[in-house]
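Just one chain is shown here, as structure tokens, and it is the form predicted on its own.
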């Protein structure tokens, strides 16, 4: 009996040892696999961190494959990342295909504008203001510039107005002349040359200044020199240049709508650039009223040019009546100077012009250039 018990105990002891060994083996295997799994996870995390450092904005999904060469990889299927946007902006883009209509080349405006209406009623009894004039002439650009939209103007014309303290007269001039000049289909600009200070007035020198200053802005071919108080009564009297110097204010109401004398060249006249330079411009030494127009006529005649004029009917114009300006008294030296035009014209003119620009102002309807022309 004792022997059987001892044998059973020995068997039980061996079984328990075997179970313990199996448990230890199981635990060892479990520990080994667990440690190995930790190493694998740690290596994976390190790999991910390293990849994110080199590609901070790379999204690792099936829709966004990684790019080892950002300039040469395939485009993304989804919304681009910030890096992709920069790369796409750096890459040259093919030129956009534009279907632009060809620019239509304008034909020359006709020699005689079809917009002209002929005789006009001119009245100085109703006051006008600049705002009203601007509203009625919306096509006039800043600085008093205009050119036709539907055709290319026959000439580029600078209108030069000698000026001092005549604001009311200027308003009437702008009111009547802007519509006329537009109907005449001119490419024109209006320049008011204002004499600064209170020294004696010098009309001809201001006209020389206007010629020089206008050419600084645009390649004008023709120059119309106009007193501010003269308004044409017929828009067929075109403010442009002709093959000969043009006297435009032929029939003034001041003279009973007659030409006072054949050599008269005062009021409003036009000359091309070549004609103007041929006579060395205008004299600079006529201070006060009178004489410079006759000097200009002498210059033209000495260079073999003659004066052209419109008909007496088309050349009618009205003058705004006013008192003689202060500091514009008749020039007592004018007769002596006129007698010596041929001797003085080569050295007294555009080649001897001196002045100082005080201020240039661009208004809606005109450009005003204030200048110091000195004194006698």
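Positions refer to the first chain, counted from 1. Not measured: the values here are computed from a predicted model.
One more form of this protein exists, namely the form predicted in complex with a small molecule; it is left out here, but the text below deals with it.
With the partner omitted from this view, the residue of 124, 289, 257, 242 that lies near the small molecule in the predicted complex is 289 [heavy atom within 4.5 Å]. Just one of 235, 187, 294, 213 comes within 4.5 Å of the small molecule in the predicted complex, counting any heavy atom, and that one is 294.
Taken together, the three residues 205, 276 and 279 lack any non-hydrogen atom within 4.5 angstroms of the small molecule in the predicted complex.
Heavy atoms of residue 338 reach within 4.5 Å of the small molecule in the predicted complex, making it an interface residue. In the predicted complex, at least one heavy atom of residue 264 sits within 4.5 Å of the small molecule.
Though the partner is left out of this view, residue 318 does not reach within 4.5 Å of the small molecule in the predicted complex, counting heavy atoms only.
Shown alone here, residue 334 lies within 4.5 Å of the small molecule in the predicted complex, counting heavy atoms only.
Only one listed stretch (179-187, 247-255, 128-136, 149-157) carries heavy atoms within 4.5 Å of the small molecule in the predicted complex, and that stretch is 247-255.
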